[in-house]
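Listed next as structure tokens is one chain, alone, in the form predicted alone.
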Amino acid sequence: MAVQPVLVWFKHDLRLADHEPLWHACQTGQPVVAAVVVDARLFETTALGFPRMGHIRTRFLFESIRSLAGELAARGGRLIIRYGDPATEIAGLVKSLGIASVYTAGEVAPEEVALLQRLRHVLNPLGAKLTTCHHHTLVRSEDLPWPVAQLPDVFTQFRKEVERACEVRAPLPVPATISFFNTEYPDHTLPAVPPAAEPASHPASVVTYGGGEPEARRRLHEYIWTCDALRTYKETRNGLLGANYSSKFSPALAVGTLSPRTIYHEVKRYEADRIANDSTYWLVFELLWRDYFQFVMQKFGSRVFHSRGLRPAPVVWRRDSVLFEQWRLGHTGVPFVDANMRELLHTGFMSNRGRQNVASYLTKDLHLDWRWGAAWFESQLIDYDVCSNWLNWAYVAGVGNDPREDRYFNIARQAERYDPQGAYVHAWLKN
């Protein structure tokens, strides 16, 4: 009987540990082909005039892809890197290499779900099976106490029920043995990253690790164990300057060099060895917020991207490109807003406190379309996640889940509270 390799298609899960598609592919006993496809659509220019994925986000992604290639090479394997339309590229691999099955991460956002449906349609006549594994969340959807269609519309209810009824599964180890099907199949050259995408040397940059699983693991150990910063996370999480006011795990979560389950169980180990307190709970609380947005996206689909968001009635937004450009580039004349927007522009990152303030300013003070702000964040953020980004923006704009609260932020008071000495504003606006 001829050997029929299986294909693992890496996407936003650029790691080997706790990787369900890889694990299940290895359980077949067939040789494994590992591949990643950089979607050419990510480099298109949006209607607002900037690329859908900017230089800094691109650099972090490419670092992570190259790191994964190195991790596979160290185990005797190869990562095939392709560029273009993912469905076309994966189907080409299947046809050329006689692939029997494709294993990849499941999706919840409409564009990504449509891509999987298109790929499934293309694979059917080739006789190849597509198997998806949902491993992007802390809690699996099938472990929830209700179907996703009945997901509570308020996070607090979701959290309480999940905490009561759900257990977080143990992360899967790296397969002890991976039998690789190495081939001469050609790679595509990744698009060049312009010099502007090189890491910023600004002294106020707060993300201190690069792309790739080893770097993410280093940050996990450093934050939790070496610096013991988890002990005071709840007190420091609204900070603005420095590497350790928050965990900075979100970039690794976004590209999948760390899984949420890996973080959760490391927190539990810390609680057992050192201390369990409000701060350790709060980090898990934030992971549950991330889960919640994944399930909200799964429940509502394309409604999330409407101008009205999840509200039943239309919402009218201004569309003033001059005001938007001033906001985007950090030239509004409001120092706290401008400092945060400059940090985003130069480093691809912004604190959670900053994100809430600049989103409130765009939607509540300027009354501009919240989707413009979400699109700019999509372009810039190295921790861009489609569900967290778009639903956080809808939440602050008052068109997301539980829009009963008025989430207007008084920028002057916020700056006075969180940057009382003006150190953050000075760091980003002094030049």
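Note that residue numbering begins at 1 and tracks the sequence as displayed. Since this is a predicted model, take the numbers as computed values, not measurements.
The next section is about a form of this same protein that is not shown, the form predicted together with a small molecule.
The small molecule in the predicted bound form: contacting segment from 43-51, 57-65, 377-385, 28-36, heavy atom within 4.5 Å: Stretch 377-385 is the one.
Residue 122 within 4.5 Å of the small molecule in the predicted bound form, heavy atoms: Although the small molecule is absent here, residue 122 would stay clear of it in the predicted bound form, with no heavy atoms inside 4.5 Å.
Contact label in the predicted bound form: residue 105 to the small molecule, heavy atom within 4.5 Å: Residue 105: no, not in contact with the small molecule in the predicted bound form.
Residue 290 within 4.5 Å of the small molecule in the predicted bound form, heavy atoms: Residue 290: yes, in contact with the small molecule in the predicted bound form.
is_contact(residue 352, the small molecule) in the predicted bound form, heavy atom dist at most 4.5 Å: Residue 352: yes, in contact with the small molecule in the predicted bound form.
Heavy atom within 4.5 Å of the small molecule in the predicted bound form - the one residue of 279, 247, 326, 347 that qualifies: Spelling it out, the residue with a heavy atom inside the cut-off is 247.
In the predicted bound form, the one of 229, 359, 168, 109 near the small molecule [non-hydrogen atom within 4.5 angstroms]: Exactly one listed residue reaches within 4.5 Å, namely 359.
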